[in-house]
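What follows is one chain in structure tokens, specifically the form predicted alone.
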């Protein structure tokens, strides 16, 4: 029997599919970290996590039976994929499982940001009838998409339905792919200078840390609005706060943060020009079913010698 430990809360459809594999034993637990995770992982050939469990080099080193790590989602910065590769441990993700859901959350935040919806709602709930909120129309505005992978591409495609002009930056895709999704491919500096709204959809890598930072805010259009539903750390939060204060940034919508959860009383979270949600990009019933089924099937296929997808290392 090959044991798979699920250190996450998954939709029941995923573990159910995994238990259907002959020769696989499944144990589901609340997310663990550090020594507790190491202890629980002993004897396990597979591990499935979401973002709560950090699969560090130490965890990998001290779990010699581990053969595969599955991430129920697409981002895997909580897993040391290089350390896993050095031990010949596969790291698998669930490609496409939360693409539409995260793209739709980006658009929801864009609307909320454009029309001050949370701020107006708070005032009305508090008993104040304030019709002084003046927003912007999205029609005719230029949307800059930084990162044109699966999620960025869906955001770009949906934005055309709003009659927005879409420009983008991605060092990986070519002009042909950009043309397919209706994006004018430009250097990052040009995207920053031309966009009325910028949305970030790159993976979190050393070279993308603070890809939107002090220099970007100095070069952007006055009043540019920013959205980050990808990964905390892609945006320099100190530089963003400064840009909000001096007016270079007209507003920001954030679903992810450099530290999660942010500090209580965070000046960025509490800023009047900021719309915030607590990392809800993938949080729909639809996406949770998809990612659970995809990652559990991936891990099951890997351990039983069948075809699988989504290996990142």
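Residue numbers count along the first chain shown, from 1. Only a predicted model underlies this, so the values are computations on that prediction, with no experimental measurement involved.
Absent from the display: the form predicted together with D-malate (MLT). The rest refers to it.
For the marked spot (50, 72 and 75), a heavy atom within 4.5 Å of D-malate (MLT) in the model of the complex is present in each of the three residues.
In plain terms, the part of the chain that comes close to D-malate (MLT) in the model of the complex, with a heavy atom within 4.5 Å, is 274-282 out of 243-251, 54-62, 274-282, 30-38. The closest heavy atom approach of residue 231 to D-malate (MLT) in the model of the complex falls within 4.5 Å. Heavy atoms of residue 199 never reach within 4.5 Å of D-malate (MLT) in the model of the complex, leaving it off the interface. Residues of 91-117 that come within 4.5 Å of D-malate (MLT) in the model of the complex, judged by any heavy atom, reduce to 98 alone.
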